[in-house]
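Starting off, we have a lone chain in the form predicted on its own, written out as C-alpha cells.
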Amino acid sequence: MRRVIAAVAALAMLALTGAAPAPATAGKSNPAADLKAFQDYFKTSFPKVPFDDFVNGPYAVNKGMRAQWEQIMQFPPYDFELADGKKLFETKFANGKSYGDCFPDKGIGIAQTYPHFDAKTGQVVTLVDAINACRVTNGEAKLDVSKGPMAEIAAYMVSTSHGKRFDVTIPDDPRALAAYEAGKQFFYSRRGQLNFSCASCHVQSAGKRLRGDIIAPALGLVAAFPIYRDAWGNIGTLGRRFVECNAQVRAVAFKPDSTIYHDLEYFLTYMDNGLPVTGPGTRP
C-alpha cells in the first residue's frame, strides 16, 4: 500500500506540467461545447492516435504495452466471468421472469445508452442501477455493485454492445444539467491529502509513465468497463474503480453507488460519445 501511495504522490510533479481544458465555471451549462473541447484536446495531444483507439486507454499511447496486451487478449482473463455473466443474465427469477424482461430489446445491445437521466426520479441511472432495479422489481435482493455477479452480468450486457458507439444524452432539464455539472466539477476538483483531481492524472499527465504503468487518457476512460484488473484478479465495475482512485489520493471515498459517482460516470461517458463500446476490458 505504501508503494501505491508513493507512486500516486509522484504524479503530483507530473500534474504540474502541461496544459489542459479547464472546466467552465460561469454561464449556462453547455455539454456539447464541453464535449468538443474535451475531445479536441486529446486529439491534439495525441495526433497519432486514431479517435476510436482512445478506448484502449494506455494501450493506445504506448507500443510496448499494446504488444503485451494484444498477446493477453488472445485468451482474455475475464472469459470465464463473462460466460458466468451470460448464464446469470439468462437465468430466470423465482417469479419466472428474467433480466431481459426489464430492458428494451431484452437488454441486448443497449449498454451504449447508459447512464441516462430518469425524469421521473430526477436521478442519473447507470447500467448497474438498472440491473439492481430489475432485481428488486422481480422480488430479488440487490447485488453488490462493485464486483462478483453484478460485474459479471454488466460485463455480459456491455459485451452485446461491443462496437456500438456511445450515445449518452443530457436533456434540457435543470436536474439533468445539474447532475452533469456535478460530475464535471468532481472530475476537475482536487481532493485528499495528495490534493489531486481526476484530471491531474488523466488529463494533465495522460500518456506519461508512472513507474511501470502508463496513465490512460480521460478520453475513452470508461469505454472498457467493467474491467478485469490484474490488481483485483477479477472483473470490477466503474464504481469500484472510483472508490479505489479516491483512496489512492488519500481522499474520503464515497460508496460505489453514490450519487456523486453516478454524476461522474454521466460526465465521463458523455465525453466518450461517438467512441465504440469495447467492454469488458483488461488493465494492469
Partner chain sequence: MRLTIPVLLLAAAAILALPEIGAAQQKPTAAGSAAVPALTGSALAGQKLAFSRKKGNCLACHTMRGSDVPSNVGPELVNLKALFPHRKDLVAIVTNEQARNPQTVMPPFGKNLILSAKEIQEVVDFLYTL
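Residue numbers count along the first chain shown, from 1. Given the structure is predicted, the values throughout are model-derived calculations rather than measurements.
If you look for the form predicted together with its partner chain, you will not find it shown, but the lines that follow are about it.
(message) For the three residues 61, 196 and 207, which mark the spot I'm curious about, does each lie within 4.5 Å of its partner chain in the model of the complex through at least one heavy atom?
(response) Checked in the model of the complex: all three residues contact its partner chain.
(request) Taking 4.5 Å between heavy atoms as the contact cutoff, choose which of 214, 134, 125, 143 touches its partner chain in the model of the complex. (result) If I apply the 4.5 Å criterion carefully, the residue I get is 214.
(message) Given that its partner chain is not shown alongside this chain, does residue 192 nevertheless sit within 4.5 Å of it in the model of the complex, heavy atom to heavy atom?
(response) Yes.
(request) May I ask you to check whether residue 46 falls inside a 4.5 Å heavy atom distance of its partner chain in the model of the complex? (result) Taking the distances in the model of the complex, the answer for residue 46 is yes, it comes within 4.5 Å of its partner chain.
(message) Does any part of residue 255 reach within 4.5 Å of its partner chain in the model of the complex? Heavy atoms only, please.
(response) Residue 255 lies outside the contact set for its partner chain.
(message) Whether residue 41 contacts its partner chain in the model of the complex should be assessed with a 4.5 Å heavy atom distance threshold; does it?
(response) Yes, residue 41 lies within 4.5 Å of its partner chain in the model of the complex.
(message) Based on heavy atom distances of 4.5 Å or less, which listed stretch (151-159, 117-125, 100-108, 184-192) is in contact with its partner chain in the model of the complex?
(response) Partner-contacting stretch among the options: 184-192.
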